[in-house]
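Coming up is one lone chain in structure tokens, specifically the form predicted alone.
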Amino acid sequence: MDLHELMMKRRSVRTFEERSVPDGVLDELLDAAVSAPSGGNVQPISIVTVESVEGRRKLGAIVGSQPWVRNAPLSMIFCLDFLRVGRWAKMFDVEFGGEKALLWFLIGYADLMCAAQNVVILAEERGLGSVYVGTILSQIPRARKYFDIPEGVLPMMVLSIGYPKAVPKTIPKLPRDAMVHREKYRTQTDEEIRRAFEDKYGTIDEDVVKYFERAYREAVEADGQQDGGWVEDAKARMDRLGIKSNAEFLFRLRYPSELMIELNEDLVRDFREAGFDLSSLTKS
């Protein structure tokens, strides 16, 4: 399989075999992360590997009782690490100041995701599967406390990895023309946008489980790995909210817009407690 085919067939995997990732393969994955592109080659990231049964159990609980995190033989917590860079700068009597600079934050987060995606692609080539878990962002204090993550270091993303027990056959994506603009941005019509998302998700029909397999696979996967409840809860909430469209499903149920905005205050507080103070952004 060439690289393009591998990338086209890659799917998020949430069911894993009960066998560990060999040390040699883990070393290769970490080498790929360390070799990823980095703005200015500063590399302000750190990776906490989690393989112990207790560590996996705790991490799974922290990110919202997601069973694939608990069941995966390996998880990596990707952290934005300004502590190491700042200490190094201080050794030579210069100030880094990245914890106060939005641009450094954005560059560092881009570095972090480049490193994580390097791991994803190499893992795929080595016969492994993986899934990104971003809900650690809503539980930064718990993650920092359990994994001894010090001030100046922010856990930003979890990548759970293992040998797949099952791989989803299809995952809907927007058509290329909806996302690619040649030379200049082309503003699309309402009809073009509507059609692109309908082509991606299909329609919400009477077979809700089949719809969830396209648009909310986590619920189906979760029910298959524990006592259930995710699908029935989502169905009940859809009925209660009168959800009839994909947009309503995404922004009223799965990622409620009001909740996402309310989380701003929590994130700013958690960042500040971790030593990241971007309050200067509000100064006139």
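One rule holds for the numbers: they count along the sequence shown, beginning at 1. Please read these numbers as outputs of a predicted model, since none were measured by experiment.
Absent from the display: the form predicted together with a further copy of the same chain. The rest refers to it.
- Using a 4.5 Å cutoff between non-hydrogen atoms, Ala236 does not count as a contact of a further copy of the same chain in the model of the complex.
- When a further copy of the same chain is considered in the model of the complex, Thr189 lines it closely, a heavy atom lying within 4.5 Å.
- In the model of the complex, a further copy of the same chain lies within 4.5 Å of some heavy atom of Asp27.
- With a 4.5 Å cutoff on heavy atoms, Gln43 counts as touching a further copy of the same chain in the model of the complex.
- Contact annotation for the candidate site: Pro37, Phe96 and Leu103 all lie close to a further copy of the same chain in the model of the complex (heavy atom within 4.5 Å).
- Contacts of stretch 242-262 with a further copy of the same chain in the model of the complex, defined by any heavy atom lying within 4.5 Å, are made by Ser245, Asn246, Ala247, Glu248, Leu250, Phe251, Arg252, Arg254, Tyr255, Ser257, Met260, Ile261, listed in sequence order.
- The gap between the Cα atoms of Glu218 and Val63 is larger in the model of the complex, by no less than 3 Å, than in this form.
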